[in-house]
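For reference, the chain that follows is the form predicted alone, supplied as structure tokens.
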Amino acid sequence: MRSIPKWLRLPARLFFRQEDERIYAAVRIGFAAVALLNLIFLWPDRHVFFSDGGMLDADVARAQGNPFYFSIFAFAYSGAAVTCCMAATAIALVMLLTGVATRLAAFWVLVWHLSYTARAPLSMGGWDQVLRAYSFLVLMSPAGKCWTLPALLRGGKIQPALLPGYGLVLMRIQVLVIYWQAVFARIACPDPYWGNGEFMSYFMLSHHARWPGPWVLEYGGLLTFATYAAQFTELTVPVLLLVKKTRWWGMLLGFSLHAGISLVARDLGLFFLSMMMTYLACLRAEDIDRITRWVRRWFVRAEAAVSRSN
């Protein structure tokens, strides 16, 4: 019997290569923390967005469904029901954060993200789509027992296991899709302001900017450079993240991009945190070891400083 060609074995080796379970745990914790912050952000306007007595008509939301409409708010549409759904989601996110009944909690969190983005599509930001995608990826990825509350309560030090890496591979690919889709969408439907480099100038004059004003007109050349630099960065970051030797350069470049966006734009802090969360999937076992050693050293120094002060 002829052996399977190497090029056919490559996908299996790529998707089922063993990965340190602490990377999955870092993604789980980071995702749950950002999703919980997003839930807190939405909480004050829950009735406005999701109840039938709110601002957004349910029939309009159903018409936006493509290819179909799925939302738990089709059944839980009163103000009290919406509040109960969001409270249950908060509990599920805390469970996911602490690793308690991880699979069940991740399933509810996926239902939540599908439901609220379908019910209020016109009020959502870019980070909502990022969280929705990663809610599915977290659900279908191996869970592991590392860095969970049950493991902590049982006591004893758990040796990190090796788990199939298909979930991390898909998360890393998703990072590339997020960035490249943004760039290629501008190419497929040409945006003249991105094409001629004037996007940042017009953005800084709009109400979305943190400091809008005519002062922007004096820095047209710099803002043209920033427009093209942002697009180049969006093309480059995912490639750097996917290559093991350049992943930290990709993280630094991506951090600089999103920190800059958060600095000059209003209300995009959650987008910054959501994108930084996606970078956790690009960590390697040696990165976790290095970070763990640094945290331990920091705690030792902090304890020593407290002891000296006493």
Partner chain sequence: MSGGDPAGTAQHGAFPVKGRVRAVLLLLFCCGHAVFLIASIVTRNPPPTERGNPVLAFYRLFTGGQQQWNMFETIPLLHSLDARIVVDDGPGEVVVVGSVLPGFTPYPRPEQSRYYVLFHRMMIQAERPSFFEAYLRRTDVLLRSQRGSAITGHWALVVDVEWTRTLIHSRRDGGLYVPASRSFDAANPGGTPR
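Numbering follows the first chain given and starts at 1. Just so it is clear, the model here is predicted, and its values are computed rather than measured.
Missing here is the form predicted in complex with the partner chain; even so, the following discussion is about that form.
### Ala226, Leu170, Cys85, Leu97 - the one with a heavy atom within 4.5 Å of the partner chain in the model of the complex
The option sitting close enough to the partner is Leu170.
### Task
Could you work out which of Ala90, Leu114, Cys146, Ala76 is the residue within 4.5 angstroms of the partner chain in the model of the complex, going by heavy atoms?
Checked against the cut-off, the match is Leu114.
### Query
Heavy atom to heavy atom, is Arg284 within 4.5 Å of the partner chain in the model of the complex?
Although the partner chain is absent here, Arg284 would stay clear of it in the model of the complex, with no heavy atoms inside 4.5 Å.
### Task
Considering only heavy atoms, tell me if Trp180 and the partner chain come within 4.5 Å of each other in the model of the complex.
Yes.
### Message
Can you tell me if Arg266 lies within 4.5 angstroms of the partner chain in the model of the complex, counting non-hydrogen atoms only?
### Response
Result yes; Arg266 sits at the interface with the partner chain in the model of the complex.
### Task
Report whether the minimum heavy atom distance between Arg17 and the partner chain in the model of the complex is within 4.5 Å.
Heavy-atom contact with the partner chain at 4.5 Å: present for Arg17.
### Query
Within 33-48, which residues come within 4.5 Å of the partner chain in the model of the complex, counting heavy atoms only?
Those in contact are Asn38, Leu42, Asp45, His47, Val48.
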